[in-house]
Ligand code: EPU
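Quick setup: one chain, the form predicted on its own, written in C-alpha cells, and binding and motion questions come after.
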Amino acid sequence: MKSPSPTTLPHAFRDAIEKRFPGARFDEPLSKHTTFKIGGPADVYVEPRTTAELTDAVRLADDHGVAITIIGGGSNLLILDSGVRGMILRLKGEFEEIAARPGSLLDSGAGVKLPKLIAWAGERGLGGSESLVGVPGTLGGSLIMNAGTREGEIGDLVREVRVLDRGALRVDVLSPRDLRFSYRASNLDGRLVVGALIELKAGKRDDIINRIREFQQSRLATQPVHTHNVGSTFKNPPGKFVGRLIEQAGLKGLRIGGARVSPVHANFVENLGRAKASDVLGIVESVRGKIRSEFGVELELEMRILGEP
C-alpha cells in the first residue's frame, strides 16, 4: 500500500484508517472511479460496507479534521487533475441492497445504481420510474442532484431519505416535509445520504419492462452512451434545450486536447482517451462564452466539479 506524504494526512489518522480499513487505498487515482475516466488522486479512498463502518470512517475523519467526500457511481463528476484532499468514501455492501416494502414501496441503499433499481422494480411489477433508466448514477447521487429526464425526476418518487448525522453519528430519517427538490438540485447537498424509500406503482410486469426497453433504446439512439462522459454538461436554461443552442452555435465536435463536444449530443463532453480535466474546463468556458455572445444566455453546469485547482 502506497502511503501519502506526511503533510497530506495526519499520521494518527492514516494509522487509524489502515487499522480499521485494511482495504483503504492511499493516493488512489480517481479516474478509476468516474465515468469520465478523468481525475487526480484521493488522499485516501475507503469503501464502507456497513453503517458501522461508515460511522467509524466519519468519526475518524472528524476527530482528525480530515475532509470527507462521498462519491456514488462518479457519473456526474469532473474531478480535477490535482485530485481531492481528504477522504473519499464510496458506499458498498449493505448500501447496495434493495428490498420491497408493502404498498409498492422500495427500500434502497444509496449505493444502488439507478438502472439496477429500476430493472429490479420492473421485474416485480413496480413502475413509475422507467424514464430514469438512462441515469447511470447511484440512488444517493441521484437524490442529491434530483436527477431526471423530461418525463420526471427522482424527487417525485421519494417518501423518505435516510442520512447520517455527522455530529450525533446516527442515521436520521427525513420525511417529504423535510425535503426540497428542484431542477437538478435538492437540500440534500452536503448530507451523507445512506438510503431512501421510493414509492412506485403496481402494474403489469411485461408492460413495465417494455417501457424500460423503449427508454433504453431512445437513449442509445440520441446519446453517446459508449464513450467516457458524465451525461449532461450544462443545465437547460428556462424554456430552452442547451444541446440545441450548442449545436446552433456550431460547436458540435469542438475539440480541446483529449476532450470534445460530442457529435451525437452537443450537451455531452467526451473523453477521447487521454483528456485532462483542464481540457474539459477549456471546452466548458469556450461553450459558455459562445452561447453568451450568440444568444445572451448564461449556462449553468449540471456536472459537479470536485477538487482543488
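So that there is no doubt, residue numbering starts at 1 and follows the sequence shown. Quick caveat: nothing in here was measured; it's all calculated off a predicted structure.
The form predicted in complex with this ligand is left out here; the points below concern that form.
Of the residues given (Gly109, Gly155, Gly74, Gly231), Gly231 alone sits with a heavy atom within 4.5 Å of this ligand in the predicted complex.
Only one of Asp178, Glu151, Asp172, Glu123 comes within 4.5 Å of this ligand in the predicted complex through a heavy atom, and that residue is Glu151. Using a 4.5 angstroms heavy atom cutoff to this ligand in the predicted complex, all of Lys235, Phe241 and Phe268 count as contacting. Contact check for Arg184: a non-hydrogen atom falls within 4.5 Å of this ligand in the predicted complex. Heavy atoms of Gln223 reach within 4.5 Å of this ligand in the predicted complex, making it an interface residue.
For Lys252, a non-hydrogen atom is located within 4.5 Å of this ligand in the predicted complex, even though that partner is not displayed. The shortest heavy atom separation between Glu247 and this ligand in the predicted complex is within 4.5 Å. Listed stretches are 223-231, 160-168, 91-99, 77-85; the contact stretch with this ligand in the predicted complex is 223-231, by a heavy atom cutoff of 4.5 Å.
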